[in-house]
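Next up: a single chain in structure tokens, the form predicted on its own.
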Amino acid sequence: MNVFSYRPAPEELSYTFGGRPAVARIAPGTVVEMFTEDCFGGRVRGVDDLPSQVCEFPYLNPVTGPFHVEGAEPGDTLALHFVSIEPARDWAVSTTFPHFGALTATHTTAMLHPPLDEVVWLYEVDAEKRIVRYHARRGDFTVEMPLDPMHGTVGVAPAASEARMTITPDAHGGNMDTPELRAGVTVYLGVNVEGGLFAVGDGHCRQGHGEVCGTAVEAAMNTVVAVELIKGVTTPWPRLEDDEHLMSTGSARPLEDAYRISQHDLVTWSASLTGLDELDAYQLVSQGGEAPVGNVCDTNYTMVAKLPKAYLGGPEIYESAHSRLRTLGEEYLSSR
């Protein structure tokens, strides 16, 4: 088994997709062990560490990478299977910001009311019990919630030599912030430049749909990803697959356009997999689909369209990449 381990130094973290040389070249079939820093670069460590004081814009939401996948060319697809995502620390943080989030004024949603307070919440992370502990800042209330690790940000370099801030989700991936991107899921990303140049970051111990306040339970992660290259197959928007479902994403503003992109991609993808007429696929997705929200707070919003694979009659999906990568991941875990 080809295993590559990478732990970036702080100066090696990336804050864009595109515009950066690869930190390593890997072959398809490689299992990558990586450390990812939290969205604050590890600088917010307690309730008195306000991001506006300890962080420097635009150096937020760092990603680990990019990784050059040998043989990847525009028109191909990278398949990244998340074998495991585990918190690297026994604490995590969340915040509110004066001008960021779904329920406050922002630079694009101008309001006359005062901005929200900047407040930090510190979460205890108990990986053994698989819980995180929430403590109210302005009261004695506390509650335990299930640990459900995920990555908010994954993507490849955009086309046309473009560089995009890691906080922005779009067709290349980026900061989609969907809780669906957890261990056991394969994400498919269309290759735009030689090598693909994928990167991963923004670990969350858990997140509600929409990431309403603008942050999740933000945490550094030890993550394992199995990588495969699918030649000559294009992917217009990031797609996800788990054992039971297919998922399409869409990122845009307003939210209804993100919804339409994700639904359009799932309908046309379902039609191509089954040979159904497009309107028949439209009807199938309309009655069998779900629509989990990714984020409603970033520079673009993200929606997910989700459909049980059982409704499609068992077609081959991306040359059965998910099944092969899941097996590779199981072999990796059993060898550790």
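Numbering starts at 1 and runs along the sequence shown. Keep in mind that this is a model prediction, so the values were computed, not measured.
Keep in mind that the form predicted together with a further copy of the same chain is missing from the display, and what follows is about it.
Should T16 be counted as a contact of a further copy of the same chain in the predicted complex, where contact means heavy atoms within 4.5 Å? Within the cut-off, so yes.
Wondering, does T215 line up within 4.5 Å of a further copy of the same chain in the predicted complex on heavy atoms? Output for T215 is yes: heavy atoms within 4.5 Å of a further copy of the same chain.
Wondering, does R182 line up within 4.5 Å of a further copy of the same chain in the predicted complex on heavy atoms? Result no; R182 lies far from a further copy of the same chain in the predicted complex.
Could you tell me if Y301 has a non-hydrogen atom within 4.5 Å of a further copy of the same chain in the predicted complex? Yes, Y301 lies within 4.5 Å of a further copy of the same chain in the predicted complex.
Option touching a further copy of the same chain, based on a heavy atom within 4.5 Å in the predicted complex, out of P51, G289, P28, G41: Spelling it out, the residue with a heavy atom inside the cut-off is G289.
State the residue from E244, D90, E73, D117 whose non-hydrogen atoms include one within 4.5 Å of a further copy of the same chain in the predicted complex. Selected option: D117.
Have a look at 227-235, 73-81, 194-202, 164-172 and name the one stretch with heavy atoms inside 4.5 Å of a further copy of the same chain in the predicted complex. It is the stretch 164-172.
For the stretch 97-115, return the residues whose heavy atoms include at least one within 4.5 Å of a further copy of the same chain in the predicted complex, in the order they occur. Heavy-atom contacts within 4.5 Å come from G101, A102, L103, T104, A105, H107, T108, T109, A110, M111, L112, H113, P114, P115.
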